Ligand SMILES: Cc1cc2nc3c(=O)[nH]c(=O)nc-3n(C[C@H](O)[C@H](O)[C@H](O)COP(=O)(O)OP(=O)(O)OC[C@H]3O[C@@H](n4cnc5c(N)ncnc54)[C@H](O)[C@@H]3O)c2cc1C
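One chain comes next, on its own, written as structure tokens: the form predicted alone.
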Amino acid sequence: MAGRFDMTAKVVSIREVAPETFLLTLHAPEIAEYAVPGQFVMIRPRQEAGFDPLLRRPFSIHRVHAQQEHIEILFRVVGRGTRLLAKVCRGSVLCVLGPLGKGFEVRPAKIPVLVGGGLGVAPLLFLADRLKGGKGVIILGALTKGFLLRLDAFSLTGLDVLVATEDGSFGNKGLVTEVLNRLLGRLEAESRRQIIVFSCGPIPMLRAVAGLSKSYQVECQVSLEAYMACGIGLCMGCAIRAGRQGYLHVCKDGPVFPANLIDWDQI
């Protein structure tokens, strides 16, 4: 039976994959068994540090290796908590709560288009692995070639991979939304109805992806990030405006939402 687990997880490996960006592998059997793409975990960076920092941080589940009972976390150093996490060693033990939240809802009859910008690729590799062997397109973006994340891993899924860098150092010059616009614009209305977009990245990018999807009448699901203290809906710290729905909470109502539910003018 699916559920969430408050557990200790041993660090299998950690390595820097881009400037200040790390790939962390944890031995977490229960989470590896029950997690679905789009869910997240809460991690307290160092158990041996006692209660400093006090609160766990949320991280998307980047990938699952069920047979090895491992999960991967892709994260960037942005503050004290993530800097401590980047310093953990193989064999260290972390406090982990998960899997949490609602993930992506795959439509088997539709062709997926995954759109990720920057660290927004984090939850999309897990999804791409689940889609392996089928039709689909992945659009990855970054400021420059050096900040493209996990391009090799995405390429191994067998899905078509398109890349955009803002400085033109690799792939298409410009934004992922420009690539998405060209892709959808080439299709007839009937073909567009067979597409479903899954996206994660900075809010301005997600707002643009949602706008394009709406204008082309394409179903779209977005994964949102938010500051949160608990991850289970108790602290109410991750509320977002959702139009007629009032307020929704990223931790328990998301982090994945239908794009048309979000009040993009208020987020």
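Worth saying up front: this structure is predicted, and the values here are computed from it rather than measured. The first residue of the shown sequence is 1; numbering continues from there.
There is another form of the same protein, the form predicted together with the named molecule; it is not shown, and what comes next is about it.
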item: Interface segment, criterion being heavy atoms within 4.5 Å of the named molecule in the predicted complex, picked from 155 to 163, 135 to 143, 115 to 123, 171 to 179; value: 115 to 123
item: Non-hydrogen atom contact R107 with the named molecule in the predicted complex at 4.5 angstroms; value: no
item: F198, heavy atom within 4.5 angstroms of the named molecule in the predicted complex; value: no
item: Touches the named molecule in the predicted complex: R63 (any heavy atom, 4.5 Å); value: no
item: Contact label in the predicted complex: R193 to the named molecule, heavy atom within 4.5 Å; value: no
